[in-house]
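The data below hold one chain only, encoded as structure tokens and taken in the form predicted alone.
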Amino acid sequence: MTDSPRRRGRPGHDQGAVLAAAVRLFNARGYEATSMGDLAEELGITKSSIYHHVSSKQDLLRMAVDHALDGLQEAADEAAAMPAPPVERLELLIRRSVLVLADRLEFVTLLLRVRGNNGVEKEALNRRRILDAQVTELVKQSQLDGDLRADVDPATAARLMFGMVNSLAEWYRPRRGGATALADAVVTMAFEGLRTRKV
């Protein structure tokens, strides 16, 4: 979950630093409104120097949203491989998604602002739909097992749970130990209302 985006380029300039600066600017100004000249100025280097690290602004966008999506997909894959009932795998997925968001906050924030305005954004939205379908399926399986209420549409429940996770991008600020406590709170809030009551 803490892997950095790939790095290459000339000594003295780090691709990760270029990408991080680009993400900050994309989030602050918007992707369309940010130029490679703006990025060069932010980094204190020439525009031509940026092209030793990346081929285009769209390449930076792809790397950024992939970094967010790869973390979320790793969380989904971990949950899928867990030898446990669907409801426990769903809880793990929600918990891990909160931790990914906290760890890759600026990248996930950018991902959540993607609207499908170009090929990279459309591809990112398609990957998000696949993840949504995986969560929906876990909700459905948990309902069939009797662990979650059956009177809530599975797709709606999945969207509401991830809506709660995604909303953290608007106000969460990283602090030591904060992500784990936050994940506990999200899981409690999400599942207390959805669990069936055992008698």
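Everything numeric in this text was worked out from a predicted model, so none of it was measured. Numbers for residues come from their place in the sequence shown, where the first is 1.
One more form of this protein should be noted, the form predicted in complex with another copy of the chain, which is absent from this view; the next part is about it.
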| query | finding |
| --- | --- |
| All of 40, 73 and 137 within 4.5 Å of another copy of the chain in the predicted complex, heavy atom check | no |
| Any non-hydrogen atom of residue 66 within 4.5 angstroms of another copy of the chain in the predicted complex | no |
| Non-hydrogen atom contact residue 44 with another copy of the chain in the predicted complex at 4.5 angstroms | no |
| Exercise: residue 129 in contact with another copy of the chain in the predicted complex, heavy atom 4.5 Å | no |
| Contact flag, residue 148 vs another copy of the chain in the predicted complex, heavy atom cut 4.5 Å | yes |
| In the predicted complex: members of 148-184 within 4.5 Å of another copy of the chain, any heavy atom | 148, 149, 152, 156, 157, 159, 160, 161, 163, 164, 167, 168, 170, 171, 182 |
